[in-house]
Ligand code: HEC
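The data below hold one chain only, encoded as structure tokens and taken in the form predicted on its own.
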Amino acid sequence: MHDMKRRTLVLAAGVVVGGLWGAPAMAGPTPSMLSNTCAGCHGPQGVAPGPSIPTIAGMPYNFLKLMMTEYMKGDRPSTIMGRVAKGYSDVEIDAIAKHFAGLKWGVQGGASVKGKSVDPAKAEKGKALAKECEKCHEEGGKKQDEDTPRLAGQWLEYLQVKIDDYKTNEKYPQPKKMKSQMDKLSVEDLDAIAHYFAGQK
């Protein structure tokens, strides 16, 4: 009787192990699934529905990954992003960055373009002042590369808030060349530059 029980247990274990070996590996969450949390603020396709949030669809992969990593490590000040980013692993952040980098800019009917109205007079003033900015943010802020995000067509309010962060928050990480240019410009100048880039399409 004892041998019968032992034989039964061995056979059962074999069935379980065989079933596990024969079954396909459980797939993890896809990049699209991982990015669902981001949609609450940045929109389901990375196109921001609200004026204080940036559109991230189509931004450079390396830039998005760097931002998320800085938020995760607490190297970049934030209200919500730091808490959100801490919930992801390095591998998941990499997948999310690739997901949004692969999306098309402004796919939701231009929802990313304007909140407050762009002031044409300020935008014209900003165009002249933005010459130094356009050494990196070329083509009216449309050009992107590994280190440079798109500015053209972002919400005006978002650009105003970010420019103020760069201007007034010493802890806000930024390239030295950008800081040196920001220091030369007044608050009014920077607001005009925000109007200029927000008005680009």
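Everything numeric here is computed off the predicted structure, so don't read it as measured data. In case it trips you up, residue 1 is the first one in the sequence shown, and so on.
From this point on, the text means the form predicted together with ligand HEC, which you will not see here.
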| property | result |
| --- | --- |
| 48, 51 and 128 all contacting ligand HEC in the predicted complex, non-hydrogen atom within 4.5 Å | no |
| 4.5 Å heavy atom contact, residue 84 to ligand HEC in the predicted complex | yes |
| Close approach of residue 152 to ligand HEC in the predicted complex, 4.5 Å, heavy atom | no |
| 4.5 Å heavy atom contact, residue 132 to ligand HEC in the predicted complex | yes |
| Residue 174: touches ligand HEC in the predicted complex, heavy atom cutoff 4.5 angstroms | yes |
| In the predicted complex, residues of 168-194 near ligand HEC [heavy atom within 4.5 Å] | 173, 174, 175, 177, 178, 181, 182, 185, 190, 193 |
